[in-house]
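In the form predicted alone, a lone chain appears below as structure tokens.
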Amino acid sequence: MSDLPAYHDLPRRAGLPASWGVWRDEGTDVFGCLNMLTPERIVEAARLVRRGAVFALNWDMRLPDPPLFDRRPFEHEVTGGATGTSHDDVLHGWNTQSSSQWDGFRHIRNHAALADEPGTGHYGAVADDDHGMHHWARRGIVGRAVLADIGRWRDGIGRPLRHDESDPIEPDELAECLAAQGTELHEGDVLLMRTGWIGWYQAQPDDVRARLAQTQHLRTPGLRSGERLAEVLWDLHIAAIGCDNPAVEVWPPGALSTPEHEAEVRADRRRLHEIFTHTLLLPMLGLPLGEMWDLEALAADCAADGRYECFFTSAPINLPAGVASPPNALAIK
């Protein structure tokens, strides 16, 4: 039994369930669900290391190429001449969300909360520039992780995901997949969800990649957006979720709605959570979202040995007031 409230028992802010203040100690609102990563849970998670097999979850920083969502590619300059004593790296125009990433709490605000408490709209009503990746970096993100290999499970039941379409994964399919794997999720776990999108992307020719980089053409599978998704993920009481697709949820927002409903929502940004659950998960529930993580090697190993749990570490960049960060994540079995 958990001491945390169920989704429908959470206090409400701007009419929406919110976990603001659920962790009452001073400073906890910059961590949200990461507060569940207690020292006791970290010690227990460390016992999962049996073989010393390490899986790095960061994708190649240059991928996707071209970047998605109208982000610009960075230029990698190596300083120092061919006969010099040393080299340095200089990254020009680097966007922290151009490849594998954590979405931090500065990334998304909720417009209903912003209207209710002007000047914020971010998790815990913390001021915009008081959030930042430096909080997570100085704490570190360590604990037990569990992989839900949705892509392999959907293949096995004859409903393979369509990686070039807005193919929805129903929130309740997470539990079905975990049950099929014989995997139990515990409170405070980091949930890893593999769709197979990265493996699919890497097999695509340049012309397909170029088309995907045009936001109006980008279609990807993901969790079905809506309040049911927020309810399911909160009630799992996970510390964070890291996925291999570009947006955790299906893309684009509104792809599964009627045109009339999408138009209504876009006309009133306070309802944006109805088609884009980021606006509940990050600013209202405090659930960190990982996107475009390379889970291919880990998933293959889990399928081979039947163990879908691992020791997990992540060291975000220590950037004060940073919006996002590469996860620098490791899964260790």
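Note that residue numbering begins at 1 and tracks the sequence as displayed. All values derive from a computational prediction rather than experimental measurement.
There is also a form predicted in complex with a small molecule; it is not shown, and the following applies to it.
Within 4.5 Å of the small molecule in the predicted bound form, a heavy atom is found for none of 55, 312 and 325.
In the predicted bound form, no heavy atom of residue 273 sits within 4.5 Å of the small molecule. When the small molecule is considered in the predicted bound form, residue 124 lies well away from it, no heavy atom lying within 4.5 Å. With a 4.5 Å cutoff on heavy atoms, residue 201 does not count as touching the small molecule in the predicted bound form; it lies far away. Heavy atoms of residue 101 reach within 4.5 Å of the small molecule in the predicted bound form, making it an interface residue. The stretch that touches the small molecule in the predicted bound form, counting heavy atoms within 4.5 Å, is 63 to 71, out of 63 to 71, 38 to 46, 24 to 32, 262 to 270. Among the residues 246, 188, 132, 171, the one placing a heavy atom within 4.5 Å of the small molecule in the predicted bound form is 246. This chain lacks the partner; the member of 152, 107, 163, 144 within 4.5 angstroms of the small molecule in the predicted bound form by a non-hydrogen atom is 107.
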